[in-house]
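Quick setup: one chain, the form predicted on its own, written in structure tokens, and binding and motion questions come after.
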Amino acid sequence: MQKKNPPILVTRPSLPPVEEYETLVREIFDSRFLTNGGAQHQKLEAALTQKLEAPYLRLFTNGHLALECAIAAFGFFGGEVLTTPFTFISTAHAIERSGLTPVFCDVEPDYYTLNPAGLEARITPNTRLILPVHVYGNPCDVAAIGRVAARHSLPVLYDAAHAFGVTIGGRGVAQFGAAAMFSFHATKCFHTIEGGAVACGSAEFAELLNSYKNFGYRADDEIREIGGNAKMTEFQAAMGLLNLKYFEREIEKRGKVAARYRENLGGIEGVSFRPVPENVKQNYAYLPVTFDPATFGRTRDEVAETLRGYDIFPRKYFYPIASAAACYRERYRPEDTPVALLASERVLTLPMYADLALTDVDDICEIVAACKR
């Protein structure tokens, strides 16, 4: 098999027809309103509130700052946050940059989401918040986490960066917890180039979010919080409005790509996919595959290197786990979360995007299958 030209990356952004974006850009140019909640921003915020079935929703310039502002809105000054090490490093950084301390809890072995069974043992008088992550678009066990949180009177803030459009039993993931953060980065299945949002259940919390993303200003021009600048621009909002228009079509195409991977690789010993959760509508955000070297005969890293030889570039999401990152590893022991650590050593996310040709999926799977010993 020849190398891929152009190379196949782990993901590629979906884009609307350029003519449609140009139309909205002309509206922005005509208005001369570029940021601070212009017409495009207002339309997108309303549309996403409806799409995600959120009581309240506020837009941000990116998901990381959205998460920081959400943490700030709880009003904690010091303390601990229970979270997962099996996540993009942004989750831990947002906790640290908010003056709080991450306490890493292990994940469960099927979906690699925060394991509710281990939460209570990590709760102390200093615990302020539980911050689980919906991983690869697979939602956490929200019911079990909710029960633990209720017993200890702790709020839950979900990192739903991967979970746009995901529903549990017909309910959008934005409805669970006190708040949920979504990322609209270009690599996500729904994007605004860069961007993010926080959904929440109270008008007061939503007002705090507005304040923290706009230098602390309230509607009456009082500056009551020490905020920053995390506002979404009109150009981002315009991209989001168009991508939302085509979102369901894109998810349908992603579903076909995911099905082809499962069909081709599902019967190979030592290769496993995450189970399909019951009562969950998926968004096929990523295509994680776990390689067991004992039965597959090759390590995850060897498979990745082989694919790179054909100009196919998967990613090791998430490696290293957050507790093993250089900025944290002096304070934490990655082996204290053994399931997460093992997942970080065995998971490879294969290329996944709406326009990935099924023939390319077949080629990727052929290369992977040929790695088996």
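Note that the structure is a prediction, hence the values are computed from the model and not measured. When you see a residue number, it is the position in the sequence shown, counting from 1.
Form predicted in complex with a small molecule: not shown, discussed below.
This chain is drawn without the small molecule; in the model of the complex, the residue among S98, S211, S90, Q282 with a heavy atom within 4.5 Å of it is S90.
Site annotation in the model of the complex: the residue of F176, Y261, Y286, F190 reaching within 4.5 Å of the small molecule with a heavy atom is Y286. Segments offered: 310 to 318, 39 to 47, 22 to 30, 323 to 331. Contacting the small molecule in the model of the complex at heavy atom distances within 4.5 Å is 310 to 318.
Mapping the unseen interface onto this chain, H64 counts among the residues with a heavy atom inside 4.5 Å of the small molecule in the model of the complex. A residue is said to contact a partner when one of its heavy atoms sits within 4.5 Å of a partner heavy atom; R300 fails this definition for the small molecule in the model of the complex, lying far away.
Looking at G195, you'd find a heavy atom of it within 4.5 angstroms of the small molecule in the model of the complex. Using a 4.5 angstroms limit between non-hydrogen atoms, L114 is distant from the small molecule in the model of the complex. Heavy atoms of no residue among A72, V81 and I223 are located within 4.5 Å of the small molecule in the model of the complex.
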